[in-house]
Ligand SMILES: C[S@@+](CC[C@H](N)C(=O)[O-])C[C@H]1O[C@@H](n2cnc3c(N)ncnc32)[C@H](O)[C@@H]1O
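The data below hold one chain only, encoded as structure tokens and taken in the form predicted alone.
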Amino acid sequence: MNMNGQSPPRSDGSDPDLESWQQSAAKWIEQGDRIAEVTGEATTLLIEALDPQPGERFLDVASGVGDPAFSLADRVGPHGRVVATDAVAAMAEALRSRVAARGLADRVEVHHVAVQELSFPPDSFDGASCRFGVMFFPDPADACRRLARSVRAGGRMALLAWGPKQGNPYFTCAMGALDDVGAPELGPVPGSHGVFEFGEPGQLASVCRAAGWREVDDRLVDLRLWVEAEPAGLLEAQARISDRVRERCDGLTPATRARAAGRLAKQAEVWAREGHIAFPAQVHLVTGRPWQACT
């Protein structure tokens, strides 16, 4: 780890974050609708910040299997266009299938391309977005520059990143319960980045400013993550979504796994809401405009 808590880059130049997403793509594709429900409030926050209008064109980076690209498509309507990109081939292919199934091929265009390879002509879009992907970019400043170059003067850009660790129990409670029962820990993957990469105030905004963004605003927003589960079934629900929770659970005896589930259920009771666990969460919403808007 370096002083910022990051693992050093691999000497062979490979991207461990991309490798991890490639390995977990099948799970994300299978759980796509469930994950969309969990993060629904975050998607709404991003869309409201961008305020897409009918007929506009938007670029959504690290789109996964459709969030927030489909929400953007709903807002721009049949005369608008959304270009959705993802670095993982399986994700992009699954998104193409979902686009076709929804009859949106006329307004959602899917590209299998990594963010560091984006090369759309200047002024291609009215806006650009990325929801919870910037933490894993190999070079976030370069990615932000590429987004800004693709957006017209007067356009808008918005990024979502997870806020501080203490404000996001969704990521910590299950791990804490597993720690309590002595589940084997998982070491960091060399060169990888975590969900709290930009958790501290001002970190991501600073990157955006250095990349040439103007009128940068960084808001720490409280919202909820809605997990469809009762407290007693929460550990299994999170194991279906999180590879790291599943890997730690798989090595436990049934009795120890049940103890962990019980500990997590006790913590989650306060957040139980009619068949869901409404986890409190904090996210950074960083918005800005491309440099062309000020020249």
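Numbering starts at 1 and runs along the sequence shown. Please read these numbers as outputs of a predicted model, since none were measured by experiment.
In what follows, reference is made to the form predicted together with the named molecule, a form of this protein that is not presented.
Just one of 115, 207, 158, 83 comes within 4.5 Å of the named molecule in the model of the complex, counting any heavy atom, and that one is 115. Proximity to the named molecule in the model of the complex, defined as a heavy atom within 4.5 Å, holds among 144, 151, 88, 177 only for 88. The chain is drawn here without the named molecule; in the model of the complex, the stretch among 177-185, 216-224, 198-206, 128-136 whose residues come within 4.5 Å of it by any heavy atom is 128-136.
Using a 4.5 angstroms limit between non-hydrogen atoms, residue 238 is distant from the named molecule in the model of the complex.
At a distance threshold of 4.5 angstroms between non-hydrogen atoms, residue 70 is out of contact with the named molecule in the model of the complex. By the criterion of a heavy atom within 4.5 Å, residue 50 is excluded from the residues contacting the named molecule in the model of the complex.
Proximity of residue 18 to the named molecule in the model of the complex falls within the 4.5 Å heavy atom cutoff. Residues from 35-74 that approach the named molecule in the model of the complex with a non-hydrogen atom closer than or equal to 4.5 Å are 62, 63, 64, 67, in the order they occur in the chain.
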